[in-house]
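Read the single chain below, which is given as structure tokens and is the form predicted alone.
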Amino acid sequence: MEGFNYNLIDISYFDLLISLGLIIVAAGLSRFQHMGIERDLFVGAIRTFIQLLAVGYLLKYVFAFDRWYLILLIIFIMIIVASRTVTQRQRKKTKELPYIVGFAMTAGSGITVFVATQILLQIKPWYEPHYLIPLAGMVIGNSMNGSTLAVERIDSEIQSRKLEIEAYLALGATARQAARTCIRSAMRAAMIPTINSMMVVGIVALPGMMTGQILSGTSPLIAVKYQIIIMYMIAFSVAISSFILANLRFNRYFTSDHRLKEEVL
């Protein structure tokens, strides 16, 4: 059962404009309930249209050009944008945050994509864009969400547990020992959305890549196998990224001689 023999229905630009009616209805409900998010909805809809259309044309060019350095450049840009997004969502925007977020996401996503493409799928050549770019995009996107939660949680945990941490330090604990509960809580917060998705995938929701493969004519069984690998990839990447990020982020709150920095709090 290799696939289904049918022609995928093309979508015209006029169809896309008609689909904008869904956003108009959602904005109408917002206005009716005085939610005040109509502008955000329309801006989001316009950005979605422009960004995805631009990416579509860009990927069409990249797939045709087929050069490894161009593909790595696109992935590098993904990580930069994701790192900036994580930083901008934080209340405490420190100068080193974009760098540690970028490092954590590069490490987590890089290891994950390497294992998936070179060990599991064994794609040839290694930079095959039809595999590398979509897989990297999904992994980086989920790592971004996990990293956002990890940074927010460890900041708030250290702030709220200040007295507890100082008590540990007074008893002779190291900074890492005193912040262990905060690090653990940050990683747990980062992992919860992924675990929730894994619990209900295929029952409550059909993931985007799986749905796209089925719509394109791929056998549901093949699509399911790919989706299983992707879910495992996402869980691994978020775990690695949040682990690195939480362990790097907590250092900004402590001095080299294991004292809490009051001025940072």
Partner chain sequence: MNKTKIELYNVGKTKNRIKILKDINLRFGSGKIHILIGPSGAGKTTLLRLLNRMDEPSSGKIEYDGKDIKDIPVLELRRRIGMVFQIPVIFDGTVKNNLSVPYSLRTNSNHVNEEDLINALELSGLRNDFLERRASDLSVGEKQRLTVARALMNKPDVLLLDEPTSALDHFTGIKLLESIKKLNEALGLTIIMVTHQLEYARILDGRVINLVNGTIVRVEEVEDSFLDSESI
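Numbering follows the first chain given and starts at 1. Note that this is a predicted model, so its numbers are computed, not measured.
Below: the form predicted in complex with its partner chain, not depicted.
The stretch that touches its partner chain in the predicted complex, counting heavy atoms within 4.5 Å, is 169 to 177, out of 71 to 79, 169 to 177, 98 to 106, 117 to 125. Shown alone here, residue 164 lies within 4.5 Å of its partner chain in the predicted complex, counting heavy atoms only. Among heavy atoms of residue 10, none comes within 4.5 Å of its partner chain in the predicted complex. Heavy atoms closer than or equal to 4.5 Å to its partner chain in the predicted complex belong, across 55 to 86, to no residue whatsoever.
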